[in-house]
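In the block that follows, a single chain appears as structure tokens, in the form predicted alone.
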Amino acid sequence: MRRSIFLRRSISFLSTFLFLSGLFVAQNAAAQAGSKACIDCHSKTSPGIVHDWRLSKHSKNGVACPTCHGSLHKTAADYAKAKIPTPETCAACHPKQFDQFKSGKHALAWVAMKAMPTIHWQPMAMIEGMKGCGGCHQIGLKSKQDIMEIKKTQPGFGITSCDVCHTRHLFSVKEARSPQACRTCHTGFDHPQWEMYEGSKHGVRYALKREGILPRDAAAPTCQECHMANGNHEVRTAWGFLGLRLPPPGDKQWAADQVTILKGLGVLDPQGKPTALLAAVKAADLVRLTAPSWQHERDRMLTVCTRCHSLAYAKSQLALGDKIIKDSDHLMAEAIRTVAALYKDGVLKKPSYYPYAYPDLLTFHNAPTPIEQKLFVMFSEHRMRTFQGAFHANPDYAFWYGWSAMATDLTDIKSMAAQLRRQKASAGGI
């Protein structure tokens, strides 16, 4: 009896296996057949694309060229009819990942770049051409109008978002899970997270693990394991890119310092009242404006940290990062107030593109004077490196490239301000 049941189950399993195997072979054959004309042509014109596609899971699972690019493009003469995929194209098969991505900061990268007041002053090859800021910020979702603008400068490339990490046409999950995949964008100036990670104990252990010095199952967190736990494509942090949130109740000094920084960002006017820019900052999710939104992300990170560390240790390390933000905010606010006083006293003239007679930290691409440029670099480079270095467990970045540089910036700004005042006084202005 048992043998009979076993035989029936085995036959049933074998039949299912053969059916699925046949279906897989049929799908793969259909993919190859549906793409034959594409392959024949592109094997000559762009063989690397064809080679990567053949290596990909798409090829093996029946995802042919027309699936993503449509079937209107038939010859070299009508190449413009080829559909350039968008994130929605990927969402047809990967809805969960797409929905997670839409909720995270990467999806807001394009709108955050476009929100910069002087971004349109930059060479368009740097923006829509993807050779500068746009090269990394292209990961963000784009409106139909954005896509139309991009198509004016190039044939519509740079609109897919997903292929920033899963580079086409291989679209490798293994590639996207490697910390090196983050390196292109998260490196240098105000985004040196790769260098911070690489030099941290996390990054060192990862390198030693790859070299076989540490066991293959040794703990060695990657960027993705911390920021994309369990494959979650949302990618969010408690502090957000600008490192600003509502300070703890009762900390009046920190609250005042953060108000000053928000004035410098134009979110608040010089009197401390909200401006129209507040809506844009909210839309780009650059600041945690409520305590629950901050705490939610902090709790999520603690869950990740406690996979390797005790809860007490993880909390203490993150709290030290918080304190570093508080201390660096105090230096930053003092520098902003120093420059703001120059506007108030008529020592510095407000540029025509500044909304208020107050420093504008979002126009650092076109700072009109050395003291203002110094202020913008202090904010966008050195302050960022201070707290990001702390949270990425890189003491060198947190101190030498961050805190120490901020302290030097503040000294220089005060000295330059005093010099400007003397020049104004000698000219009989004050």
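When you see a residue number, it is the position in the sequence shown, counting from 1. All values derive from a computational prediction rather than experimental measurement.
The same protein also exists as the form predicted in complex with heme C; that form is not shown, yet it is the one meant from here on.
Mapping the unseen interface onto this chain, Cys65 counts among the residues with a heavy atom inside 4.5 Å of heme C in the predicted bound form.
At a distance threshold of 4.5 angstroms between non-hydrogen atoms, Pro85 is in contact with heme C in the predicted bound form. In the predicted bound form, heme C sits beyond 4.5 Å of every heavy atom of Phe379. At the 4.5 Å threshold, heavy atoms of Arg288 reach heme C in the predicted bound form. Just one of Ser172, Gln295, Gln253, Ser103 comes within 4.5 Å of heme C in the predicted bound form, counting any heavy atom, and that one is Ser172. Site residues Leu265, Thr275 and Trp400 are none of them in contact with heme C in the predicted bound form, judged by any heavy atom within 4.5 Å. Of the candidate stretches 339 to 347, 326 to 334, 108 to 116, 253 to 261, only 108 to 116 has residues with heavy atoms within 4.5 Å of heme C in the predicted bound form. Along 384 to 407, these residues reach a heavy atom to within 4.5 Å of heme C in the predicted bound form: Phe387, Gln388, Phe391, His392, Ala393.
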